[in-house]
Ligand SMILES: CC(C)(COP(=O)(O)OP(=O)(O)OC[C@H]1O[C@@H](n2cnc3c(N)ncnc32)[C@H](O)[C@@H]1OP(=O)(O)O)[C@@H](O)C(=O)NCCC(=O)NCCS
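The chain below stands alone and is given as structure tokens, in the form predicted on its own.
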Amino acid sequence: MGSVTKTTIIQGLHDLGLHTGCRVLAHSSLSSFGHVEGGADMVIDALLDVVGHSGTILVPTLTGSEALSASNPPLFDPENTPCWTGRIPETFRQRPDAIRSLHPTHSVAAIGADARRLTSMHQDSITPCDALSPYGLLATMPDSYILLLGVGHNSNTTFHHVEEIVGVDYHMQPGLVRAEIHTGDETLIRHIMLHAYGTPRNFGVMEAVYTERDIQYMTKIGEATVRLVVAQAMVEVTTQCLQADHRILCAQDA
């Protein structure tokens, strides 16, 4: 298969139903496409072109790890702390017009019309993906989507928002931890709950439900399988399923 071009990506995203003015949280794997002309920057440019100036692109710029605890609390510098979510998010967050939310472990970077609105309250989130977070806010806004570029639903952080809504017992470490957020002008102190690692998830179990409800669409771009999910509907449907069975999102051996 030949190189993936900007035109190829734009056409694929249009075929999925993305358009000017929509809001898109994009999880990604650059290598999944095969050879990409222009690399991560070209993929970012294609995403921004599809939604236009009236739309918004968001990417997860996570920094949390299983090493964090009350005795090893997070220290976060939004300008300089790299994310571990891939080359596209790391490139995206360093763009001059990107706004990165100030959550110490589950930050999001955004560019576009609603970038500030979606990121401005995240530093006040007690849990990483609560209603004040970009994950929670996006799910309340019409014409908003979660895009999985060459990754599956286990990369879809919005599932943690649903886990927080339902209050499952395996998602958060107990108690509050003191976190420091270092901006250029000041140090913000927040007391937050940390994600609890160790319970394997199987978020892909919901894929058949999304397809049945007609809220997920799929295509191929280059060598990558691409999924698009309606954010508000995804959260509503998954919340119903998780309320009925608190272990439905866990791997069978978890």
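Nothing here was measured: the structure is a model prediction, and the numbers come from that model. The first residue of the sequence shown is number 1, and the count goes up from there.
The protein also exists as the form predicted together with the named molecule; that form is not presented, and the subsequent description refers to it.
Enquirer: When the contact criterion is heavy atoms within 4.5 Å, does S28 count as touching the named molecule in the predicted complex?
Expert: Result yes; S28 sits at the interface with the named molecule in the predicted complex.
Enquirer: For T127, is any heavy atom within 4.5 Å of the named molecule in the predicted complex, or not?
Expert: T127 lies outside the contact set for the named molecule.
Enquirer: Does any heavy atom of L62 come within 4.5 Å of a heavy atom of the named molecule in the predicted complex?
Expert: Although the named molecule is absent here, L62 would touch it in the predicted complex, with heavy atoms inside 4.5 Å.
Enquirer: Would you check, heavy atoms only and a 4.5 Å threshold, whether S101 touches the named molecule in the predicted complex?
Expert: No, S101 sits far enough from the named molecule in the predicted complex that none of its heavy atoms falls within 4.5 Å.
Enquirer: Can you pick the stretch from 49 to 57, 182 to 190, 29 to 37, 225 to 233 whose heavy atoms fall within 4.5 Å of the named molecule in the predicted complex?
Expert: Within 4.5 Å of the partner lies stretch 29 to 37.
Enquirer: Mind checking whether each of R93, R95 and S133 has a heavy atom within 4.5 Å of the named molecule in the predicted complex?
Expert: Checked in the predicted complex: no contact with the named molecule for any of the three.
Enquirer: Only one of T105, T157, S144, Q123 gets a heavy atom within 4.5 Å of the named molecule in the predicted complex. Which one?
Expert: Spelling it out, the residue with a heavy atom inside the cut-off is T157.
Enquirer: Name the single residue among M172, V151, A115, V166 that comes within 4.5 Å of the named molecule in the predicted complex, judging by heavy atoms.
Expert: Among M172, V151, A115, V166, a heavy atom within 4.5 Å of the named molecule in the predicted complex occurs only for V151.
Enquirer: Using a 4.5 Å cut-off on any heavy atom, which residues of 207 to 235 would contact the named molecule in the predicted complex?
Expert: Residues within 4.5 Å: none in this stretch.
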